[in-house]
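In C-alpha cells, the next block holds one chain alone, the form predicted on its own.
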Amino acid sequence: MTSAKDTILGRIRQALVDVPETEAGPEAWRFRQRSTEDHSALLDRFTERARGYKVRVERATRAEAPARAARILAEAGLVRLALPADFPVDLAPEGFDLLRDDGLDNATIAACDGVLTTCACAIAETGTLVLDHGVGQGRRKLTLLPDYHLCFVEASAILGLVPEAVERMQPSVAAGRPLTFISGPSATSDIELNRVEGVHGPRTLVVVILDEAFPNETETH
C-alpha cells in the first residue's frame, strides 16, 4: 500500500528526473552566530531596537533602580503592582501596594495596575526580552494579565544575536521551563492591518537596564 509520503516523494523525484546531477543545489543558509560588537554598542543597539517597539528604556545602577522605577510608575499613575514571589527585595520600589505572587488568582493578577519582573536575557539585534520564568520572573500569566510590565534587565544579560540567546536558554529548555520572548508591548493586526494593542498581553512595556557603568540620575529616555 502506497502511503501519502511515498506519493509525494515520487512526484518530487519525477519532477527532478531531467535535472543534471552536476547542477549545484541551493546554497546552504548562513547566518551570524556571534555578534562582533563590544558590549557598550550592544546596550545602545538594544535600547534603539526596543524603543522602535515603543518601549520606554532607561539605565540605572542597581542601587538607583528602585527609585527610578518608582518615578516611572508614579508618572503612569500606578498603585497596585504584582511581583513574582521571589522578586529581588532590593529592586522593589517603595510607596506602592506590592502583591507578591504566592498563588494569586487570575482575577487578582488582572486587577493589578502592572507587574514587575526581571528577565533571563535580552537580545540587542531584535530588542527582545527573554523570560524563562526562573527567579524574579514569575509565572507566564503574571506577565500576560496586567496591562503594564516593567522589567529590570541586567546589562550583562544583553546578548547580541538570537542564536546567542537560544544557546543561553538551553539549560532552561532542558529543565522543562517555558520561554517567553517579548518584543515590545502586545500588539496584533487584522487582515486590513488595523493595529490593536493589548490583546495578548500588556499594552505598556518599560525596561530598566541595570548598568553599574551608567552614571546615577542620568536618564537616557
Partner chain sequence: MSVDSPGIIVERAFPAAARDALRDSQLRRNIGKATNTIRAKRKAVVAEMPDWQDLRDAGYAIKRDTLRHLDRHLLALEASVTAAGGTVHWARDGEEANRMVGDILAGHQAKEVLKIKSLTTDEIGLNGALSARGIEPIETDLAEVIVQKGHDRSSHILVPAIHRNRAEIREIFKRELPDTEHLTDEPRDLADAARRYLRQKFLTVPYAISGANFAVAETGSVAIFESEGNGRMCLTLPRVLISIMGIEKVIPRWADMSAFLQLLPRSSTAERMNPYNSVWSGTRAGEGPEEFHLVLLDNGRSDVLADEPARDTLNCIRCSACLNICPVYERTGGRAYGSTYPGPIGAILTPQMNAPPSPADSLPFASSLCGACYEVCPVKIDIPRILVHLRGKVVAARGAKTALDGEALVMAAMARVFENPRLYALAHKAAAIGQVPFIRDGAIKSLPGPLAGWTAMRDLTPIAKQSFREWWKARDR
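Predicted model, so just to flag it, every value in this text is computed and none were measured. Numbering follows the first chain given and starts at 1.
Although it is not shown, the form predicted in complex with the partner chain is what the next lines describe.
- Among the residues 182, 60, 43, 57, the one placing a heavy atom within 4.5 Å of the partner chain in the predicted bound form is 182.
- Partner contacts here mean any heavy atom within 4.5 Å of the partner chain in the predicted bound form, and among 151 to 159, 48 to 56, 65 to 73, 35 to 43 they occur only in 48 to 56.
- The closest heavy atom approach of residue 113 to the partner chain in the predicted bound form falls outside 4.5 Å.
- In the predicted bound form, at least one heavy atom of residue 140 sits within 4.5 Å of the partner chain.
- Interface membership of residue 117, defined by any non-hydrogen atom within 4.5 Å of the partner chain in the predicted bound form, is ruled out.
- A residue is said to contact a partner when one of its heavy atoms sits within 4.5 Å of a partner heavy atom; residue 98 fails this definition for the partner chain in the predicted bound form, lying far away.
- Annotation for 3 to 20: interface residues with the partner chain in the predicted bound form are 3, 4, 5, 7, 8, 9, 11, 12, 13, 15, 16, 18, 19, 20 [heavy atom within 4.5 Å].
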